[in-house]
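Only one chain is shown below, in structure tokens, and it's the form predicted alone.
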């Protein structure tokens, strides 16, 4: 292990080394069994004679702090080491907005009955294909160069994303329009940085996706919650001063219904009239189980006001933090620069592997397979839903929302369900004004019928 030692002057160098190593051992920073650097290497690093470092080690060994094993090296002896002193509390304080944002609900662990939304079943993922592609890129040296890449993303991945969206979603996209991001949420953060000064009014759906509200608030925006009904976002409720509207028109999160065609036309007209930008999150669009798919807002946009975002977290892996943003030519340079300022780019080997995954057809095959798996789970969930729950009509996605009887405490019910081994989210966690209900994910749910039976016991 490397040991930090700072020497001052040229006097008593062995003593300085001795005291600093001893203090590190006593404070617990060097626990028992820690291997210390050889005297030759330590002396070279500190710019001192080898016998100076050796004298410090000999003194420490004589006092029992170190032990030496011939042929193995020098180690911290047992019986020493205490608790390192607590760091100073510090005088720095975060901005007030960070005190208002709650940490996310823990997604770690695997409950017995997992109805959490946003969880795909990773057991069906084609690991062998992904491992082959990723290994090939790692062997090539970070996608062939081993150097930093384009902040907008790997060229082959940008082309593959544009081609996929054109075929699957009728989205007009040139590869130059695509900015590869660390998930859809970073895409939204980049848009806010590029387009909006602090204090701007932004509109989000209520109920809606909390991380987006948090990201916009943390960027200094004034977040206005706009209600949704059976037709989606209520356009007439949008504030006149909103500069940006975030919405999920294909599959409203968390309720699940699509935005009505008349509302789509209305919100596009509203954006033109108020000189606003619409950020369309087309999450879960690959998984549609009934009805005709509606065109994305981006496909209906004639003035370049719709920015289209998406990710591969639910179609592939939650741990694969890769998403994308489609931007008009007028924003390309600024968004590319904002990505560079933010984190330069997401890992290139993963980007190149994903490009191959898309172009060789593995992604399309995986989506088709999972669509059949999830369709079966969705049908089973609807068939076994407890009578106290009234499902909200939805034709796509990996979750369903269901209303509880008026006056129910959905948070208390979710907590009670957890005691029965059932993980389910209350609708109230997605919006303070939402009626009581539960959000039931079926992506990772395997024991659906017994899980819903356990949930029913929490409703009575």
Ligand SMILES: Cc1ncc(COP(=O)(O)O)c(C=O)c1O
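Note that the coordinates shown come from a computational prediction; the quantities given were computed from them, not determined experimentally. Positions refer to the first chain, counted from 1.
Although it is not shown, the form predicted in complex with this ligand is what the next lines describe.
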> Applying a 4.5 Å heavy atom distance criterion, does residue 184 contact this ligand in the predicted bound form?
Replying inline: yes
Touches this ligand in the predicted bound form: residue 314 (any heavy atom, 4.5 Å) | yes
Partner contact for residue 366 in the predicted bound form: this ligand, 4.5 angstroms, heavy atom
no
Taking heavy atoms only, is residue 130 within 4.5 angstroms of this ligand in the predicted bound form?
no
Only hit among 113, 287, 209, 357 for heavy atom within 4.5 Å of this ligand in the predicted bound form is 209
Heavy atom within 4.5 Å of this ligand in the predicted bound form, from candidates 377, 321, 274, 193, belongs to 321
Note: this ligand not shown here; in the predicted bound form, the stretch from 289-297, 261-269, 220-228, 245-253 having heavy atoms within 4.5 Å of it is 245-253
Applying a 4.5 angstroms cut-off on non-hydrogen atoms, the residues of 275-292 near this ligand in the predicted bound form are 281, 283
